[in-house]
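Heads up, the chain below is alone and in the form predicted on its own; it's given as structure tokens.
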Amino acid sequence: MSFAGTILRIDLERERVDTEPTSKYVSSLFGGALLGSFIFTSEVAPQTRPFDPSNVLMFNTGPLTGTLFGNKGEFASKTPERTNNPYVRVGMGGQFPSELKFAGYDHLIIRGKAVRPVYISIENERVELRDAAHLWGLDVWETQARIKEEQGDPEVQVACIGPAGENLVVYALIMHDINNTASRKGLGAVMGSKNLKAIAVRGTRGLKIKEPEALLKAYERFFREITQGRAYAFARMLHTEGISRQIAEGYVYAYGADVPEEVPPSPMITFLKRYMVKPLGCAFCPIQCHQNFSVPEIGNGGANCVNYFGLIYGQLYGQRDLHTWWEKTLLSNRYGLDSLIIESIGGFLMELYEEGVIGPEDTEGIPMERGSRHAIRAIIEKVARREGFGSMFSSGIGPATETLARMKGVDPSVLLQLADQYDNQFPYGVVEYAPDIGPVSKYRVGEVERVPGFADAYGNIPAYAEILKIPPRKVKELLDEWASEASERITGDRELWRRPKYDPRYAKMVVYKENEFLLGDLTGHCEVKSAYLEHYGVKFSFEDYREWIRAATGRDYTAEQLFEFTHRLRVLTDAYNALCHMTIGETPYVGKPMERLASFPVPGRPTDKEELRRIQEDYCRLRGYDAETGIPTKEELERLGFGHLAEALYAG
């Protein structure tokens, strides 16, 4: 129950469609991300490159996807963005994940390369490869509109790539609707390498729920909590303004600015009031946390959390104007290009221009002056189309830097030091130099850092103050109390979260926060509504998930078993990516903190190197990893049922 029941396999080269029952795996591999990751790591050799036809592109759903509690799925494959091409999973919301479940499928596994551009059409049991030559070259919105028109059904849900994916730009994303993306890992380029333009799904089978009444009662409690309970302020903020003000203006408090007595004027809210059309969001979610904007002379579209982080990045190229942010976001989305990388590429080029390393002659006569809207637009179009100077960046900032160094006759090591800052994917890639996990970090390139950085909640102070009608300083006290409660729940110590001294329990808090996030990947329930953000006011725990899963599927796992499933997912991914690292053998990429864009302070993280080393050792011990290498031990892999990886990692 709640599982659609079938895994759909499509071989593009052989034009073959096969199915197998999900039940073959579910008994020992609960959860969409864990089941999908096991299949991937078992079937895709570690030396496989992202654009090899033998590479697999997957879409996973969870047991709660398609229910009142679930609206999330994830694309998964090997990323072209980083050395050693690790396996990555990228979440996607909207209606697409649920529609795949309604069509009868829990997982979609795509391998091979089509001989010509195609798109996959799924309508319940009818699965077809259709010609996409006429769609090749269209942007993501034109593509979706054309497919819906051809199929004569506006309810068809489409995930597709734009020109960036077709041109194998390693920063290409996969887009669904106007604002739901699988971005940050270059999986749009993987899709393009397979000559796959789109996946169109229409499902009318629905889902069977084991205990419908129990699920409805649980949802009523969930709904009351986000509309009347402790989570109300966060839910209301997301519905009315998303994380726009948090990112654009509130993060100054996360960085340590004094909290004012009154909420200051907000240019972001002024922009929202003037140009926001309505909230947008995922299927069945009552929060609707994305925003639809329509700005005259720029255009209409949607913004999600990743897009809003561009409001921080804007300072990299000296442009904080909101109209420029929206123009950049809209154009990047349309081309199917990760909007955040534009700030990184733009900031990098503009700093080189400022220092006299490059001139207009190196960028087709376009001066890379800080704050230039013309330059920003040119970067987007050139990179997405793989034209002119933009073609240098199609394989990443690192390779582009080496090309620039040869062109200008300068020492590449000097430019690479700067490139490593701009290519670290803050705030989503800071795990690459995360001090809490030590040697493990080199196997998690491009992942989000899942640590208890409770100070980020201070970015919500202005919104919460207005929603709760209390002074901003009272909001800070409330947020501190929630962080203390989370700290006490996990470690037994209310103050550990902000005491910057070594404590053997600190690593436990890191593990818990990682696992709380991973629980959303397993189940299909958005992590935004989980205890991962307890310090924001959200408190849905492993026990809550247990109740939801039992009602939806009839499977009664304990909270401890669910915690173990998340641990298995973490270990499985790290072990496979360590194997990719060892097999391919390229120099691991390690991003550096940006001098122009500091990471959030983590109040309880020690600064002493010896104390940090002890935390790293504690973390490895809790995970069952070797503290020197950061690789899961053979014993832990075998205990968790991953003998195929234990044998490969420890052969000889």
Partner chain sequence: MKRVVLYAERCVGCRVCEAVCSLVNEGEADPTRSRIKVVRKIENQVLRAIPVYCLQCETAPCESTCPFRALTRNEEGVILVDTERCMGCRLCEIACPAGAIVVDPRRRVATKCDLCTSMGEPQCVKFCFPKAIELVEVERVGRRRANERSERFLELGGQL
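None of the values given here were measured: they were computed from a predicted structure. Positions refer to the first chain, counted from 1.
Keep in mind that the form predicted together with its partner chain is missing from the display, and what follows is about it.
Contact with its partner chain in the model of the complex holds for none of E466, P471 and L496, as no heavy atom of theirs lies within 4.5 Å. Taking the partner from the other structure, its partner chain in the model of the complex has no heavy atom within 4.5 Å of any heavy atom of E361.
Remark: C285 counts among the residues lining its partner chain in the model of the complex, judged by a heavy atom distance of 4.5 Å or less. When its partner chain is considered in the model of the complex, K278 lines it closely, a heavy atom lying within 4.5 Å. The shortest heavy atom separation between P267 and its partner chain in the model of the complex exceeds 4.5 Å. Only one segment in the set 484-492, 298-306, 126-134, 345-353 has any non-hydrogen atom within 4.5 angstroms of its partner chain in the model of the complex, and it is 298-306. When its partner chain is considered in the model of the complex, only one residue from Y87, W141, F563, Y545 comes within 4.5 Å through any heavy atom, namely W141. Though its partner chain is absent from this view, in the model of the complex it lies within 4.5 Å of a heavy atom of just one residue from L416, M407, L216, V357, which is L216. Although its partner chain is not shown here, in the model of the complex the stretch 54-76 places heavy atoms of G66, T67, L68 within 4.5 Å of it, in sequence order.
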